[in-house]
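Form predicted on its own, single chain, as structure tokens, below.
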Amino acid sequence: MTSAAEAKTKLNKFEKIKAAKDGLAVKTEIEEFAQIGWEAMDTDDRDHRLKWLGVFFRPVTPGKFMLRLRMPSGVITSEQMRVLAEIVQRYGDDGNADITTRQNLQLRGIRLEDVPDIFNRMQQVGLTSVQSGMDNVRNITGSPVAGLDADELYDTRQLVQQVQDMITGNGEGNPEFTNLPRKFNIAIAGCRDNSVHAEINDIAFVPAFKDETFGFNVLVGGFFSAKRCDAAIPLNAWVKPNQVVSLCRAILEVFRDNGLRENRQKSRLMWLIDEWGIDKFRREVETQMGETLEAEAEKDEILWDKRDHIGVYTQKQAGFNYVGLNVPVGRLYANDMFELARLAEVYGQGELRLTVEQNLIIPYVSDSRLEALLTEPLLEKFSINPAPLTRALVSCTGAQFCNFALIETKNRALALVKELEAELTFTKPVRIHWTGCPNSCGQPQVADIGLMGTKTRKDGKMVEGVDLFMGGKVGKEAELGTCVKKGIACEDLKPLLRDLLVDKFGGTAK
């Protein structure tokens, strides 16, 4: 039997930080932090606990923080977008926002002294950033066209919001779930194309029918990390929509109370499932829920290839369309954000949607206003019909703003595909994902071609390089790709990619 003292000595560095003071505790201290400044702060508060409020210290931009929003299902109003644009605008050339691979926005250039005012302004328009970093449940993803798609099986927006409200205490912060062993991802799909990338989430709900009753098969344990990447596995459970919130709560409570905390590289949910086995894990979840789960449905409804939602599509609402815009590598500047808010109001109903491919949708564009929208200048920058490599390009933040990244990604990724598109033609998009480090925020394992930042040696010198991943498949029968070549110098990457695109993906010289 391990004593309490022995158990404490086995805690990793981050567990000790959490044990000393709950991350959410800094919520009451934010005014003080703003007054004393970032350099005078306790380093554990500055570097770690602020992330419980969605505020991230970034050593590569000292004094300028990143702010990560919660946006369940990627839904944002024009009013919210305008407020965020005003926040970004204050910080000059460095100020920008990135659409992430979890359907939310990250703002850059934030000064700590402005955070109290920013939080007040966000609260006035119903935005929160609480519990969006560190060992918390990250933004909960859903179909970006939920409620719009004529072919959807279930509109999951309300479920996604209910799960978020349970976890975050309706946006005020919920100490029940502020001390998980590690970060946690949840996705809820109500469509047939796996728009949420179910396989890479700790909990994923995928649509499935039992005796003509709609529900969800449940997958658990999917994750990427520097040490290991695993696709989610079946829990052998099927739940009705009204059981989704309680099942999420039970799984989180089991993980919180039993998850592994000694080695931070072995703390994600799948490590606990490995230790217990899926059957014991399922029994513990049922005990926590206080009910027996039904066995999973024989088949799910993920039957289609993955859609990217770029272009013009008819909505289920007669006379309306949703228009998907390609936002190259997800980067937005203040002027873009103001203009998007305007377009959503003039041509739609004041709403925007974000996608896990870092793109953006304007819904509720009436047939009578569609043609005028398509002539707006912003759609030259954010195209509805982009070139095939640009269309499917995804990138993490990269070394420009992230201290974990080993290479610059966004600018390099965009420049490289423009060069390749100038030389090659394609009959269909090729999904190229860049990530700056093994944490895999850019998800190279789900791409046709995945590129993971590394350092490599060339001519006796250390240079920026990538490891090459291939074989990722999304949509039906999704699979994770694997690393096929390591240590390619970035300066040597273009001819390698060109040959690969010609040999494997149908690229032809212009």
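All residue numbers are counted from 1 along the displayed sequence. Only a predicted model underlies this, so the values are computations on that prediction, with no experimental measurement involved.
Here the subject shifts to the form predicted together with a small molecule, a form of this protein not shown in this document.
Here is the short version: of Ser267, Asn194, Thr100, Thr168, the single residue with a heavy atom within 4.5 Å of the small molecule in the model of the complex is Thr100. When you look in the model of the complex, the only residue of Phe119, Tyr91, Phe382, Phe404 with a non-hydrogen atom within 4.5 Å of the small molecule is Phe404.
Contact check at 4.5 Å (heavy atoms) against the small molecule in the model of the complex: all three of Arg58, Lys183 and Thr397 pass.
The small molecule in the model of the complex is approached by Arg108, whose closest heavy atom lies within 4.5 angstroms of it. Contact annotation: Ser366 falls outside 4.5 Å of the small molecule in the model of the complex, judged by heavy atom distances. Although the partner is absent here, Cys441 is a contact residue: one of its heavy atoms lies within 4.5 angstroms of the small molecule in the model of the complex. The small molecule in the model of the complex comes within 4.5 Å of a heavy atom belonging to Arg68. Across the options 253-261, 433-441, 110-118, 385-393, residues that bring heavy atoms within 4.5 Å of the small molecule in the model of the complex belong to 433-441.
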